[in-house]
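So this first bit is one chain, no partners, the form predicted alone, shown in structure tokens.
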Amino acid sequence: MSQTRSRGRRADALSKDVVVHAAVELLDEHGERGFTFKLLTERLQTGAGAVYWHVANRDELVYLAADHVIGVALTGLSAEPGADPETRLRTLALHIYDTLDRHSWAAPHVIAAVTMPNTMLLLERIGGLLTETRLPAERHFALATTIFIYLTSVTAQDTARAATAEPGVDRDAMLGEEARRWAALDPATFPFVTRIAADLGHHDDRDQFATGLDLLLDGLRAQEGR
């Protein structure tokens, strides 16, 4: 049997969806730094050649995995009967935030691969809800992209912060140490920062995200009023 025919059979036994789904599972288990093609081929019980039939390299696979995560989230979000566009925007944003919080490795790639199908569908969903408001069409681009960037950037920042932690150091310990550094600053120069240092140590990331989201939506409502 020729090498080409053999490779074709291995590829037929595997689909891109199966490869991407396995990659998502491994990325959730090991993080992006711990994710390797060796782990992937062991999980799929196949050779590297069969995987490369479907994806060019590791970077492409991680992009596809991140886009898959967004697609699953959008599919699993049901419409709220009778809810106004602003309420549905808030629900959508919090749902995507929760998804990216569970798949913490994905957010930086959602930002980087903005032309991936499901990532574009997220932007489409945000923009579609804006078109149901009374906002003028010339404001839709700025507002839709602002909400999209805020949503993905906040989760990407949380991921970046977690990536700097030493092995075995959890979020609370890392924030507690950062809060102590804030509190140790000169209060004459940093009166505000030293005063809020304790809040940094025990704040809730989701509540912080929701606060910023509400500010954005308050601005949207104010523009509608004009």
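Superpose the two forms; the largest set of C-alphas matching within 1.5 Å is the rigid core. All residue numbers refer to positions in the sequence shown, first residue = 1. Since the model is a prediction, treat every value here as computed from it, not as a measurement.
Form predicted together with a further copy of the same chain: not shown, discussed below.
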Is every one of Y52, H54 and A73 within 4.5 Å of a further copy of the same chain in the model of the complex, counting heavy atoms?
-> no
So in the model of the complex, does any heavy atom of M120 sit within 4.5 Å of a further copy of the same chain?
-> yes
Might D17 be said to contact a further copy of the same chain in the model of the complex, defining contact as any heavy atom within 4.5 Å?
-> no
Taking heavy atoms and a 4.5 Å cut-off, does H140 contact a further copy of the same chain in the model of the complex?
-> yes
Going by a heavy atom distance of 4.5 Å, is F35 a contact of a further copy of the same chain in the model of the complex?
-> no
Name the stretch, out of 23-31, 187-195, 40-48, 65-73, where some heavy atom lies within 4.5 Å of a further copy of the same chain in the model of the complex.
-> 187-195
Does anything in 194-218 come within 4.5 Å of a further copy of the same chain in the model of the complex by heavy atoms, and if so which residues, in order?
-> R195, I196, D199, L200, H203, Q208, T211, G212, L215, L216, D218
Tell me, please, whether between this form and the one not shown the C-alpha of R180 is shifted by 2 Å or more, with the rigid core used for superposition.
-> yes
